[in-house]
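Okay, here we've got a single chain as structure tokens, the form predicted alone, with questions on binding and movement later.
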């Protein structure tokens, strides 16, 4: 299979002194990868770089065989990104936000795409309510709808299950599995080891800006995968 992601000596330095990298990482078409790490370990910076939201300090990022940067507008349309914190303008409605996203992404049938996402995330009843008057869970669902409305080749989700109820958590889990079956790549930051074990055949760990592969993960049974994360964070390295 072809590579969806390739990074070579990727680095990003912030004025605060935090440095990410160097990171050498590849992801293949159809892989679903869990990304673990404590707060401040560099997960969000890594995701921002891969999505083209911020530029690298050094090194190279290739997404779907092309160089990624904030200026790579055509390539960025092939990526879906859900940040950890909502960036939705709170004075707009779900209908307005999704309609704008669909047109910006130049979808062939924007109206149909909007209706599909509103229905998928059980938001039809709230489509004309301003985001600021919606629950945190609804805001998360609309964020997911924006990230997925164009069925991107690469989907990057930063703690997507936060604030989702049991029904929408199941919807998201099924969509992630469906993407893998259709050879689309998904990276997910998850704080629940058992959920990650169920959804992700591969996992990586970010610590102090450095990335490592949890090489034992793919060959372990479900419960042992979850235990591996517990061991890594609370009982030493495995």
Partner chain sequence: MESKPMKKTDLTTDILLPLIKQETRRFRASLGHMLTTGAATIIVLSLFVYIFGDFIRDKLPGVDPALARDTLYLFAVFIIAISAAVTARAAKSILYAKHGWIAMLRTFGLRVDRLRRQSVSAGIVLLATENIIVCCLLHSYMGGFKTSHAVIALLTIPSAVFYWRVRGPRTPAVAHTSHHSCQDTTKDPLFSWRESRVITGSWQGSSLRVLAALPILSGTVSLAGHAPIELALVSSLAGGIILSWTVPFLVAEDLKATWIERQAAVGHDQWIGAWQKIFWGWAKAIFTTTVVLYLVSFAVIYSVPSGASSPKTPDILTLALSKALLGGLLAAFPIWMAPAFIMQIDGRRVLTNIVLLTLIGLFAGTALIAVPYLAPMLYLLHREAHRYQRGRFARGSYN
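Residue numbers count along the first chain shown, from 1. Computed from a predicted structure; not experimentally measured.
Not on display, but discussed next: the form predicted together with its partner chain.
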Open item on the list: Would you classify residue 54 as touching its partner chain in the predicted complex, given a 4.5 Å non-hydrogen atom cut-off?
Closed with: yes
- [ ] May I ask you to state whether residue 119 is within 4.5 Å of its partner chain in the predicted complex, using heavy atom distances?
- [x] no
Task: Contact label in the predicted complex: residue 90 to its partner chain, heavy atom within 4.5 Å - done: yes
Open item on the list: Check residue 70 for me: does it contact its partner chain in the predicted complex (non-hydrogen atoms, 4.5 angstroms)?
Closed with: yes
Open item on the list: For the stretch 83-111, I need every residue with any heavy atom inside 4.5 Å of its partner chain in the predicted complex, listed N to C.
Closed with: 83, 85, 86, 87, 88, 89, 90, 91, 92, 93, 95, 96, 97, 99, 100, 101, 103, 104, 105, 110, 111
